[in-house]
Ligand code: ATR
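The chain below stands alone and is given in structure tokens; this is the form predicted on its own.
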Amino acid sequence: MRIKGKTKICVLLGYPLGHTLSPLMQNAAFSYRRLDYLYVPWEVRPENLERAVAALQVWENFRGANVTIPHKERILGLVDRLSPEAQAIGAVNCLSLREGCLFGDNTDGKGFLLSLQEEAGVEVEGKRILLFGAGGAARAVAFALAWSGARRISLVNRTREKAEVLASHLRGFAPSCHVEAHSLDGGDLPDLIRESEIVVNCTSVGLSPKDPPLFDHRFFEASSLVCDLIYNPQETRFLEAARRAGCRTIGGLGMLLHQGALSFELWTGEKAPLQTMRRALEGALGFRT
């Protein structure tokens, strides 16, 4: 693309950013739509975050940003307005300018829901869902599931107390959804897996092939849809075991794609070219199709 004086700039705000794929995905989308936009990584150390956000507010070319680790929570107090999702989740992953104000949103949970709908044709309303983890990704996914009408959400974490904190928070925002907290080493895990229609790994376990499994994979039930938020490798050991047990499986690429597409639409007001963005991601990762 040709960069001009009026080129609109979007950034990825985080630290470090050496392995990000977002610039490839977003710039492919800008190019396809023939938009005079450019997306660049912007590494900002935590101690410089406040000054960086202040700079965005006076940057005439700035149109939006994605926010990633370690800034998602701390940036909450540095923006002018928050979406209900960002406020409830307690994290921001997308910034945009609205009427001169810096608006913080969270597209992670909505991106996960879209991946279920688009990749597997699955709606979560009335479903019983088992979710591993209680960190930031788990919070975003759990709130999206609860707000979309999940019947039951069972949160399983190594430390049950952390799962209970998230469960308590969820109950306050979605009282119609039955939310439970469990320990990973609890004896009720086989029953929880058997009773759940959707099983989601929101932990980082599986990023390395050397990671020990979260649980005995013989517990998988063929009737479940099994999801992993990890997108590289394409098929984690968690998903491989689920597939071998007869489960339908979804990797994390769909969530990455759809949360990025939602950001694109917030910044530009145009429909995101999903297939172009998907091809950019798959090409970078060398995925088989």
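As the structure is a computational prediction, the values presented were derived from the model and not from experiment. In case it trips you up, residue 1 is the first one in the sequence shown, and so on.
This protein has a second form, the form predicted together with the named molecule, left out of what is shown; the following refers to that one.
Asks: Looking at C202, A91, C94, L130, which has any heavy atom no more than 4.5 Å from the named molecule in the predicted bound form?
Replies: Partner contact (heavy atom, 4.5 Å) among the options: C202.
Asks: Since exactly one of V79, L214, L113, A167 fits, which has a heavy atom within 4.5 Å of the named molecule in the predicted bound form?
Replies: Filtering the options by heavy-atom distance leaves L214.
Asks: May I ask whether A137, T159 and L184 each come within 4.5 Å of the named molecule in the predicted bound form, counting any non-hydrogen atom?
Replies: Yes, the whole trio is in contact, each within 4.5 Å by some heavy atom.
Asks: Taking the partner as it appears in the predicted bound form, which of 203-211, 114-122, 82-90, 172-180 has residues with heavy atoms within 4.5 Å of the named molecule?
Replies: Stretch with heavy atoms near the partner: 203-211.
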